[in-house]
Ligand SMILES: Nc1ncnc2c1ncn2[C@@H]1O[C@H](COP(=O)(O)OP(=O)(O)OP(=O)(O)O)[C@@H](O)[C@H]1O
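Encoded as structure tokens, the following chain is the form predicted on its own, with no partner shown.
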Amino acid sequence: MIISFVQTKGGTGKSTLALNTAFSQTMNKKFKSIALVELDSQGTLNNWWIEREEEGRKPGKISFHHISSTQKQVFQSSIHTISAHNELIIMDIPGESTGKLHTRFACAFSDIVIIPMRTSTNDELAFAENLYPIIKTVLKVAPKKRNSFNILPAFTHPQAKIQKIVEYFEDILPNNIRCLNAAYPSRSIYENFNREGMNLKEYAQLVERNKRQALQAMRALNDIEKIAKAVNKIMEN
């Protein structure tokens, strides 16, 4: 099973979502081995993982792999090798303004593609012009992947009603793109939790004596679990 977080623009939360979904309770209950894979040459997750190892944090069921090559045959071969040793692969795909080689690969080879997207006309236009043409090409060749592509409402207001957000996306999205019944809210904690190689759960344990920070951390953990459960529901269907 391969799950990819994909968006052609940067700064959409893909790395944060990928690493915390990999460490989520939902995924760790379902799978015996999980590979977190970064295809971004900038190495945001790679640097985080190096810090994590230096701090002696336990990986649990998670293995990390950084593939910086821009050669299709290289990273395709690497993913096949990683697949042979892991039940689940979660891929963090870089934002790509031109070429979009990694994006095309992820859309073609992933079982589930999660697309973080704001409720904004700018994001809608970017999706229509940059990502949806790739999805249409994939579906033309592989129509069975019709249910593989899912929007994840991103940077929503923490108190916004998820049903209204889902209805908004269902109204504007093409019929072959679904919207997850979950959201990635705008929370300052997502900018601060990952120092010293921590994931959200570890950060929550660190700040458990600070009532305000602990509450923020638990809310963020709940966000991630809801997202993981929504993705898990797609797998089961």
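This is a predicted model, so every value here is computed, not measured. Numbering starts at 1 and follows the sequence shown.
Just so it is clear, the following notes concern the form predicted in complex with this ligand, a form of the same protein that is not shown.
- When contacts are judged by a 4.5 Å heavy atom cut-off, Thr16 counts as touching this ligand in the predicted bound form.
- Shown alone here, Asp40 lies within 4.5 Å of this ligand in the predicted bound form, counting heavy atoms only.
- The closest heavy atom approach of Glu191 to this ligand in the predicted bound form falls within 4.5 Å.
- In the predicted bound form, Lys226 stays away from this ligand, with no heavy atom inside 4.5 Å.
- Note that among 22 to 30, 179 to 187, 208 to 216, 59 to 67, the stretch whose heavy atoms approach this ligand to within 4.5 Å in the predicted bound form is 179 to 187.
- When this ligand is considered in the predicted bound form, only one residue from Phe105, Phe155, Tyr132, Phe75 comes within 4.5 Å through any heavy atom, namely Phe155.
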